[in-house]
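Only one chain is shown below, in structure tokens, and it's the form predicted alone.
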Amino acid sequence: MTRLLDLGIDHIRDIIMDMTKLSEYSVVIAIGSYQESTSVKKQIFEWSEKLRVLQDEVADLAIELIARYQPVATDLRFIRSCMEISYGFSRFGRYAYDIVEAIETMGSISDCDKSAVLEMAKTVRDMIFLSVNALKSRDKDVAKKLYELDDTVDALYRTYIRVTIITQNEKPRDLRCYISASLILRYLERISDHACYIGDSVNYIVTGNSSPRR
């Protein structure tokens, strides 16, 4: 006989899966907007708001399940972790919106060198894919790989900032290229961090242990 707790857990899982798709789309489309100089701010804002609403639904349902059924062991770890995971996916959407907002604020950047952002974006997309699939498959070992990729992202960000400082005497017209790239790289770096936190949560669900990295 199906427990009412199981039905609640299934509902949380369904919401989280909806969030994975929406958060992935948000980041991919935001980066595409940067690459192709297209306007998608309205769409990304709507997705970001939807993710925020879904995060609240997960939190409310998780608290209700804990209070009503007092779950233990894996059930409790899953419910508790889903609150953190949903926050991570919500942040993906928020940072995607920050990216498109930065693009709009800077104006036309079609003539900018976008290689640094696109290089980091590729790694970050890989991290999103890994974190989502780790959640689906309950693969506890993905957390370690995510932190390795996070080191790459951090190195790319630091390198770009150092190069920007060294070349600060470039022509003023280049400033918007540097500023927009610096902002977007920072948002991508934060998405990378949250992908790691999702990996941590999966590891905790499966093993009951904290991050293998920290």
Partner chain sequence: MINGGLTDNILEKILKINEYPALKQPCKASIKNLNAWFGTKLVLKNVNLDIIPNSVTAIIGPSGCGKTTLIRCLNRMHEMTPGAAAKGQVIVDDVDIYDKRVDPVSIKRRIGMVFQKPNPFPTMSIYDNVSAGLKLNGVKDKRLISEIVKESLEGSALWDEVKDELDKPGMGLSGGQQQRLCIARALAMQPEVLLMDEPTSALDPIASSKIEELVHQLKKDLTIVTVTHNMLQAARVSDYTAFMYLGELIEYGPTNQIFKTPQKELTERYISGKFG
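Predicted model, so just to flag it, every value in this text is computed and none were measured. Residue numbers count along the first chain shown, from 1.
One more form of this protein exists, namely the form predicted together with the partner chain; it is left out here, but the text below deals with it.
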Answer key: of S39, Q35, T167, Q70, within 4.5 Å of the partner chain in the predicted complex (heavy atoms) is Q70
| query | Even though the partner chain is not shown here, does I198 get within 4.5 Å of it in the predicted complex, heavy atoms only? | reply | no
Quick one: does R186 come within 4.5 Å of the partner chain in the predicted complex, counting heavy atoms only?
-> yes
Notebook entry, point to check: Within a 4.5 Å heavy atom cut-off, is T123 in contact with the partner chain in the predicted complex?
Noted result: no
According to a 4.5 angstroms non-hydrogen atom cut-off, is E46 in contact with the partner chain in the predicted complex?
no
Per contact check vs the partner chain in the predicted complex (non-hydrogen atom within 4.5 angstroms), the hit among 27-35, 47-55, 148-156, 175-183 is 148-156
Of the residues spanning 58-77, the ones with some heavy atom within 4.5 Å of the partner chain in the predicted complex are Q70, V72, A73, T74, D75, L76, R77
